[in-house]
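Here we start with a single chain on its own, the form predicted alone, put down as structure tokens.
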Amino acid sequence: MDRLLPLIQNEALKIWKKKRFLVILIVLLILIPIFTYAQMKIAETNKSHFKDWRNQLVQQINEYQNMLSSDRIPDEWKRSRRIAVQQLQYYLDHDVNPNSPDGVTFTRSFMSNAVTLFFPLLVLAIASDLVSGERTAGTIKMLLTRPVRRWKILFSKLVALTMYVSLTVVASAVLCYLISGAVFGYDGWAMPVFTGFVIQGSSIESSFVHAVPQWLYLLMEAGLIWVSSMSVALLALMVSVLVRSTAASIVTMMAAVISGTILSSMSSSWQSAKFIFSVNLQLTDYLAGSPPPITGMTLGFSLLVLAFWAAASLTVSFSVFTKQDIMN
């Protein structure tokens, strides 16, 4: 343990000196104001057309129901819209505005929409070259000449990676709230949000639905985003161990994440696709009651799939790193 702490501090300092986390903060500081401005314009448009948010929900429900009568719309798309109609009606019946314009609601929406692609890409900026980058720079040889077991070296990288993934999730939520709150206000913490929707085919079982304060919902959402992001980070660490080139490591993981995102929207009839890690990244959809990419998928199932991929990645990473000839 005495040798592990300096190793962890060293790895954390390496990541900081690469300025990858600083780049992530800059990206957030650029994109969040853009999304905030876009949401502000949408809110202004809705306010000019609807004096009451209930009228907006009623019109949205009517539009969805009219679309469902069309024969040109695919059945899978109709299924998601039927579920959306039932959810909107539930909010309407309980007199709760699901799109209340405030900083907390905006943060919740931003975090949920970013979990599948945006957060994985941010994580890849940190994780993809933890080992391959040292091979490219030649510093791995110097590191391995120390009287420290290899598993401790990789473990220190893993701890530092976990720290920065956690910081990325927290920084995203904090910056999103601070920036959007300046426009929409910093209220909304106690606003009720309904969760517990159970998808059964094209209908919703509402017996488990209950209201939670938005601060608790946001906390649960952040936890699921962290799990999703860590799964991607551990896979990226494995690829970084297996691939010697930093560029190849980054491209491999980007291709896996992006192709998985595309596959999620096309895999409804391919049941085996539910075992692919990238199809299970959208964990926040289960909180909101959105239909899963493949019928029958649940939060527990997706967590088990991601846990399997994470465990397999760690096993391969430590097995290969402790045995392969890195010096050549």
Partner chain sequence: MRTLSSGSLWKLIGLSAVISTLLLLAGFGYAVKDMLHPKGEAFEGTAAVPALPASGKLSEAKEISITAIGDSLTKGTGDATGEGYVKQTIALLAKKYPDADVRLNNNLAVNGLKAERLVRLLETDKGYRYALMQSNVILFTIGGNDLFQIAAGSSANKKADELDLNKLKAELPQGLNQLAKVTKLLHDINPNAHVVYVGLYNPFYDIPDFRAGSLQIQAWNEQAYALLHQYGNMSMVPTFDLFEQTIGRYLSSDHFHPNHIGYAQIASRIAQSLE
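Since we're looking at a predicted model, the values are computed, not measured. Residue numbers count along the first chain shown, from 1.
What comes next is about the form predicted together with the partner chain, which is not displayed.
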For the spot marked by 51, 219 and 303, is every residue within 4.5 Å of the partner chain in the predicted complex through some heavy atom?
-> yes
Only hit among 227, 175, 243, 117 for heavy atom within 4.5 Å of the partner chain in the predicted complex is 227
Contact residue in the predicted complex, chosen from 255, 182, 73, 170 - any heavy atom within 4.5 Å of the partner chain | 170
Which of 58-66, 255-263, 271-279, 32-40 lies within 4.5 Å of the partner chain in the predicted complex, heavy atoms considered? The stretch 58-66
4.5 Å heavy atom contact, residue 158 and the partner chain in the predicted complex = no
4.5 Å heavy atom contact, residue 195 to the partner chain in the predicted complex | yes
Could you tell me if residue 13 has a non-hydrogen atom within 4.5 Å of the partner chain in the predicted complex?
-> yes
With the partner left out of view, is residue 211 within 4.5 angstroms of the partner chain in the predicted complex by any non-hydrogen atom?
-> yes
Taking the partner chain in the predicted complex, which residues of 95-114 have any heavy atom within 4.5 Å of it?
-> 95, 96
